[in-house]
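In structure tokens, the next block holds one chain alone, the form predicted on its own.
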């Protein structure tokens, strides 16, 4: 398609303003820090540190506490700018600078409910931001050295609060009319949570890997366990992101050609390519690095184990982090709908769509199982092979 025809096809697409791009990207970065770090600590770091005596436990716990505390700061700042962005969007032509004023925020939060709504939209956002404030305060308590002795309790308290920040914001002011709309709400939240756990977990583990110079000789064993545990978490996130992402794409894209003939589709295509890069990096970790880590562990090759887990593996994860942040930077551009831009009819939920979804879930589960089994087979082969 030439430039002129592409411009005509995307005429109904509006590029978001810079303040909206920064506010939305920052908000999801804040959520990734709060949700991803607390979930990863609960599912990966904490169990690994509790399994036997870990000589490096104190160093890693201290770094986790600092990371969570700064995540609270990031969430608080990002939440404020995101709320101001909401005010600027609903205000007719209100500049973003004016929307930052506390009086403008308060007027928005106190606005009465619209006709037919069961609750005022401002009330929903008021509750959300109160929960956000409590979450941030809970995490920032870890700046205090005395509070770090209660890291487990604070992190596990902040985890459901962080999840509630996004869940509360999704509460509809008008009751959804059908199952289709309810399903969209649920899968949209599943997409957000799985994505933030995936990215936030990667960032936390990269931050922890930065302590390698302060770790003992047994660090390789600990980190082999950490990467293995998070690999399982990441695979679940990949599954949920894939299923929910395909659902959301189906709702907004009527044909594959709309991925390059509409503004929404182009932004979505960029996101899909970035996510594909993330999945490819994860597959590389699972099918190439993890078998070699198993080999080094079985051979009691401490030097190779440390190199793989604390030098090579984090380099790949850094690449994943860059791709993940790029995905968040693209999100503000995925606005509207390709169907609306192209004049296509709205997506209609039916039994055949449900059946296709169930088949997709089954196929995805089978593929992930096959990936795990392939990794195990490769690990057994490398264990039996002569060291390079």
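From a predicted model like this one, the values you see are computed outputs, not experimental measurements. Numbering follows the first chain given and starts at 1.
Heads up, the form predicted together with protoporphyrin IX containing FE isn't pictured, but that's what we're talking about next.
Just one of 59, 347, 331, 42 comes within 4.5 Å of protoporphyrin IX containing FE in the model of the complex, counting any heavy atom, and that one is 331. Listed residues 291, 79, 245, 263 were compared with protoporphyrin IX containing FE in the model of the complex; 245 is the one with a heavy atom within 4.5 Å. Within 4.5 Å of protoporphyrin IX containing FE in the model of the complex, a heavy atom is found for none of 73, 159 and 163. For residue 186, no non-hydrogen atom is located within 4.5 Å of protoporphyrin IX containing FE in the model of the complex, even though that partner is not displayed. Contact annotation: residue 249 falls within 4.5 Å of protoporphyrin IX containing FE in the model of the complex, judged by heavy atom distances.
Shown alone here, residue 312 lies farther than 4.5 Å from protoporphyrin IX containing FE in the model of the complex, counting heavy atoms only. Put simply, residue 148 is far from protoporphyrin IX containing FE in the model of the complex: not one heavy atom of it is within 4.5 Å. Remark: of stretches 297-305, 137-145, 249-257, 283-291, the one touching protoporphyrin IX containing FE in the model of the complex is 249-257 (heavy atom within 4.5 Å).
In the model of the complex, the residues of 180-196 lying within 4.5 Å of protoporphyrin IX containing FE by at least one heavy atom are, in order, 188, 191, 192, 195.
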